[in-house]
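Next up is one chain by itself, shown in structure tokens, the form predicted alone.
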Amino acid sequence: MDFVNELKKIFGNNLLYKKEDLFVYAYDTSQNPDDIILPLAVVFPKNTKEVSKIVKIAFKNNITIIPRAQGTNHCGATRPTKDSIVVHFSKMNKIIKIDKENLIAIVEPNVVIGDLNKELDKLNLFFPPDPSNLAVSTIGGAIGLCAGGPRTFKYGNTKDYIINLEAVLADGTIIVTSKNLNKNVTGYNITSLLTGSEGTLAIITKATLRLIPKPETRLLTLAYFNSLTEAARASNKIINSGFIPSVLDLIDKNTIQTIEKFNPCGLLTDKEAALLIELDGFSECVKYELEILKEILIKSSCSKIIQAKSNEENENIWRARRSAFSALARLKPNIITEDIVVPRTKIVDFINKIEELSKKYNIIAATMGHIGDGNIHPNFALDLEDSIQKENFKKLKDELFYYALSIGGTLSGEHGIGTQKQKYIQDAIDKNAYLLMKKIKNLFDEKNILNKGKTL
């Protein structure tokens, strides 16, 4: 492997190539693969020029490049494929600049979103995209998958906050996609094209982010209902009321009970569903909206309203919401989190389908999601070492995704496609649009070495 010797000369100790060092990089948070594929090497660049050097070596040797940060994605986007090098961004984790006057931040790809917002908080600024695992999720991963989170309903997802990117193309060429301006329609929007491309078009090494002022006040309300239908109807009434909550999330009974069993937070376990509603803005406006919200909830047969009265109580509710995945992981060896978007009018039908299929295939399901934008996250607890459960889950997944497509839904709202949803993608996208996407991929990456085997 001559290319390893080339990499050794450049990167020295910032290179792993021994088999025992590579196993940890064969996995991400997605469903366990049937065959574990080790990368040929893992490289830890410190800057864009070093990334370019790696890519040039890979291009010359026809070796696949897998960009990776924390590996917390659920779709297999950072899993190595045959004859691949992992480019690991752990050493590119600097917040280069926060410009309060121009409302921008310039960051490297391994900056953790939670850490960024702690720094922004000191300046009363705010980067709205908030994946549930924001304590470990990185900017690079969020851009690669166009991540969202609970606040997407009001604020939009990652693509709405990316102004400019520095990236490395498949042959090692370094490009800058735009200017560090909040408004720019000069030329094609390559910035948006790369956002959500899962590392298949270019490797992002620096990002300029749009920031907004931090809301003066945030208030959380937890509203319980005796049926999913009542909760869904209430959410529609809230949306149609004239104000927009920053968060409008749904949590089903199974999720509530599991959280409370393994991470007691005082949740009511006898209710069929709960809405997690956050209002934010100026204090007087939030107080006014809160009165309207309570009136809507009471008229919508809400059985119990819990109102956070302090930041501490806000954080306690958020801890409960964000602990769902780890709580569910106590049920079975494997948790598979899916990410599907359906029209709001079909949310109840879709959740009922999840329950129907989980019973049919004897697999534990707990559902939550961002009901405001129709983004539903069914979480399935199972043992993938059990061949029957593993096969049953494949059948469940097929039925669930094809059902979602049949009611006007799509495959992902924020987790991406990766390797896990490729088999459905041609059914989810217009045929001619799919062919155009293939041409775009070939234009950017004629040798097909950038995250080969992902997305399309």
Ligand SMILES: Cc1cc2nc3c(=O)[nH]c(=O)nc-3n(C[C@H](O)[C@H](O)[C@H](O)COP(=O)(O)OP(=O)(O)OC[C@H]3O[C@@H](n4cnc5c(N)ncnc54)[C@H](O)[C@@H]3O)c2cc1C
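A residue's number is simply how far along the shown sequence it sits, counting from 1. Keep in mind that what you see is a predicted model, and the values were worked out from it rather than measured.
Not on display, but discussed next: the form predicted in complex with the ligand.
Q: Do P80 and the ligand share at least one heavy atom pair within 4.5 Å in the model of the complex?
A: Outside the cut-off, so no.
Q: Within 4.5 Å, heavy atoms only: does S235 come near the ligand in the model of the complex?
A: No, no contact at 4.5 Å.
Q: Can you work out whether F325 and the ligand are in contact in the model of the complex, taking contact to mean some heavy atom pair no more than 4.5 Å apart?
A: Yes, F325 lies within 4.5 Å of the ligand in the model of the complex.
Q: Quick one: does Y224 come within 4.5 Å of the ligand in the model of the complex, counting heavy atoms only?
A: No, Y224 stays farther than 4.5 Å from the ligand in the model of the complex.
Q: By the heavy atom within 4.5 Å rule, which residue out of I371, I354, A202, I162 makes contact with the ligand in the model of the complex?
A: Contact residue from the list: A202.
Q: Given that the ligand is left out here, which of D252, E338, E198, E278 has a heavy atom within 4.5 Å of it in the model of the complex?
A: So the residue touching the ligand in the model of the complex, by this definition, is E198.
Q: Just one stretch in 397-405, 36-44, 426-434, 411-419 has heavy atoms within 4.5 Å of the ligand in the model of the complex, so which one is it?
A: Contact criterion met by 411-419 only.
Q: Counting only non-hydrogen atoms and a 4.5 Å cut-off, give the residues of 124-144 close to the ligand in the model of the complex.
A: Stretch hits, in order: D130, P131, S132, N133, S137, T138, G140, G141, A142, G144.
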